[in-house]
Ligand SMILES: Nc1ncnc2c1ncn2[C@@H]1O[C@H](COP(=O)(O)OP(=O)(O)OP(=O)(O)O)[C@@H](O)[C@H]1O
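The form predicted on its own is given below as one chain in structure tokens.
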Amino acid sequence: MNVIDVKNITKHYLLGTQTVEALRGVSFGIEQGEFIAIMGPSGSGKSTLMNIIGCLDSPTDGTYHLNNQEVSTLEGDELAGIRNKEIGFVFQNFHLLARNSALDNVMLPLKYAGVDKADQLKRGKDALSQVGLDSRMDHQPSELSGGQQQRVAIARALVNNPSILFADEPTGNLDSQTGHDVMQLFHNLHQQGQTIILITHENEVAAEAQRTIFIKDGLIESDIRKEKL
């Protein structure tokens, strides 16, 4: 079953009097449980595509179904509601609140969702355990290594049990060994059935995925699946 179904998505921006075509008719599907990398040079449209399939923006034209619900026509609060329920985000710069503990950072999406305190605590602790940070729950970001901070960010992305986990250059601020450890965590999550979409410009990172979609000039240039061993 496709968790994502994108058909003929376009996105146009007005820059002064000029229209910029960031996406020019993109179509693809992503099955539940897939591990995908989206690649492309700067200006290719990959960030615009991520914003649309991550429910951060709406397309100019075309349709986007997320878990069989059309979301391409939604805006504002409706789009935010779908995003908070269905999608977890992991970013290159972690985006953790400096004065909050790891646990408080992870519980933030649950607070916004109105989950009661006892359930927040249980789900927050479970998510941190899932990424191997049981012993660091009360530590602030400044007391954690870069890799540990990224694990906190991954736990925060997982705490709402999202349909899709988006990771935008998740190893970009990490050394090679720490980056490898974080990628191993993504593999573990994928083996547990999590749908994962990586946005990356690094071939090494993209090679970890089962499938790579390459975007160029607002179009899909290639869509390559690894042969199953």
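In this text, residue numbers run from 1 along the sequence as written. Computed from a prediction, not measured in an experiment: that's the story for all the values here.
Heads up, the form predicted together with this ligand isn't pictured, but that's what we're talking about next.
For the candidate set 9, 205, 213, 22, a heavy atom within 4.5 Å of this ligand in the predicted bound form is found for exactly one residue, namely 22. Comment: this ligand is not present in this chain, but in the predicted bound form one of 178, 163, 47, 60 has a heavy atom within 4.5 Å of it, namely 47. Using a 4.5 angstroms limit between non-hydrogen atoms, residue 201 touches this ligand in the predicted bound form. Looking at residue 193, you'd find every heavy atom of it more than 4.5 angstroms from this ligand in the predicted bound form. Although the partner is absent here, residue 41 is a contact residue: one of its heavy atoms lies within 4.5 angstroms of this ligand in the predicted bound form.
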